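Presented as structure tokens, the chain that follows is alone, the form predicted on its own.
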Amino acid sequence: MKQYDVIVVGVGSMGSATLYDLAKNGLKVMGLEQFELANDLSSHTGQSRLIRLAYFENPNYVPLLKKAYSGWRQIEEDAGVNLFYQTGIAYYGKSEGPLISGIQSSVSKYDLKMASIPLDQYSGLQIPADYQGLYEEVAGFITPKKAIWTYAQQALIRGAVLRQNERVITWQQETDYIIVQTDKGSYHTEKLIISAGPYIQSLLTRFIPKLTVTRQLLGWLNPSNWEDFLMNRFPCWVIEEEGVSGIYYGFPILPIEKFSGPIGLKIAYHAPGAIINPETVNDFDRIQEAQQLLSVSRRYFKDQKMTMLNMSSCMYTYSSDNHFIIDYLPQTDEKVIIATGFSGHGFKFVPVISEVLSNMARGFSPGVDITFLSMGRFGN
């Protein structure tokens, strides 16, 4: 059997970056991905992902985000590519609501920069008069597929092995090593990192915290006047509607000469979608779902004649409290590390989470405080 220092199962967002960090540190590593790299059956689809520093979900994430910002700049420098686009994000909601109050909490605790903006700052939007507007200049978006390809390429350059279209069937821990059995072979490794996104539960028979996989819908609108919404004229945006869980969010129109993927004005709803099996992620009524996103656009955009150009789906993998789970798997002598529950707000953390996982696999401390993300919070 081929032997490795570390095997990473699931070479998606976190997995590709972890493979890179391990290889950069001189370890003999292999990544196993059951599909093609950066495939459309995972959680990273949809052309773009928000990155923001004033975290309304929980201020404890801000120190991780500060390291993530640095990490994105580092991989861009290492690979000579652009992945992070600082368009800014405009936030709108009731001042006492979870979005605005949560942002203000992070801003206050970590002395972050945040500006108040008038509700008519962007001519294409129609924001309720009793809402508050905030603008975060250092925020923007990351291109997820390009990021995964970049991390994987840099890992390969540094000697990592990447095996695509190879599914892990089972793994078994022996005294001094772990045997990983796939549909194409068997491998020995000293440490195992499992970051298999919505497919992770099939590999964790002893995993107690509940994980839920949901389908999330994304749409690209066709506005009457594209000029109002072009990148560098229109920011990314987040709107919290009173009485509705979650947030609505979107992106400016990205120039086709620089970005692959659907064209148009991207819009989405961040809240748990329909619970699914991963294999059925693309089984949905496009007409019905398009109407739901169009109804959101009618409420918050002045253009009432927008039509839907395209729709897509991705998957969220939720923990029961919506926060990440990063820890050693119990009863494995710290030889098996799990990383899950990222979906919905995890992609922006890729550089720091990969460094944490690499540190843990190499026997070092995580490097940042992740105690609030451990399995201990579930009482197990």
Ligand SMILES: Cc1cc2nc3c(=O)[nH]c(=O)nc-3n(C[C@H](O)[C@H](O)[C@H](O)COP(=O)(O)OP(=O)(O)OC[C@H]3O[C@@H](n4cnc5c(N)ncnc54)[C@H](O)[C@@H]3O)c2cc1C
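Since the model is a prediction, treat every value here as computed from it, not as a measurement. Residue indices: 1-based, along the sequence shown.
The discussion below concerns the form predicted in complex with the named molecule, not included here.
J.: In the model of the complex, does each of Q34, L50 and K348 have a heavy atom within 4.5 Å of the named molecule?
T.: Yes.
J.: In the model of the complex, does M315 come within 4.5 Å of the named molecule, counting heavy atoms only?
T.: Yes, contact at 4.5 Å.
J.: Within 4.5 Å, heavy atoms only: does R167 come near the named molecule in the model of the complex?
T.: Residue-level check for R167: yes, a contact with the named molecule.
J.: I'd like to know whether M308 contacts the named molecule in the model of the complex, with contact meaning heavy atoms within 4.5 angstroms.
T.: Judged by the heavy-atom cut-off of 4.5 Å, M308 is well away from the named molecule in the model of the complex.
J.: Can you work out whether G344 and the named molecule are in contact in the model of the complex, taking contact to mean some heavy atom pair no more than 4.5 Å apart?
T.: Because a heavy atom of G344 falls inside 4.5 Å of the named molecule in the model of the complex, the answer is yes.
J.: Select from the listed residues I127, V107, A139, L218 the one whose heavy atoms reach within 4.5 Å of the named molecule in the model of the complex.
T.: It is L218.
J.: The named molecule isn't shown here, but in the model of the complex which of A155, A196, I193, L254 has a heavy atom within 4.5 Å of it?
T.: The residue from A155, A196, I193, L254 that makes the contact is A196.
J.: Please identify, from 199 to 207, 289 to 297, 93 to 101, 225 to 233, the stretch that has a heavy atom within 4.5 Å of the named molecule in the model of the complex.
T.: Looking at the partner contacts, the answer comes out as 199 to 207.
J.: Who in 39 to 71 is close to the named molecule in the model of the complex, meaning a heavy atom within 4.5 Å?
T.: Going through 39 to 71 in order - heavy atoms within 4.5 Å of the named molecule in the model of the complex - the hits are N39, S42, S43, H44, R49, L50.
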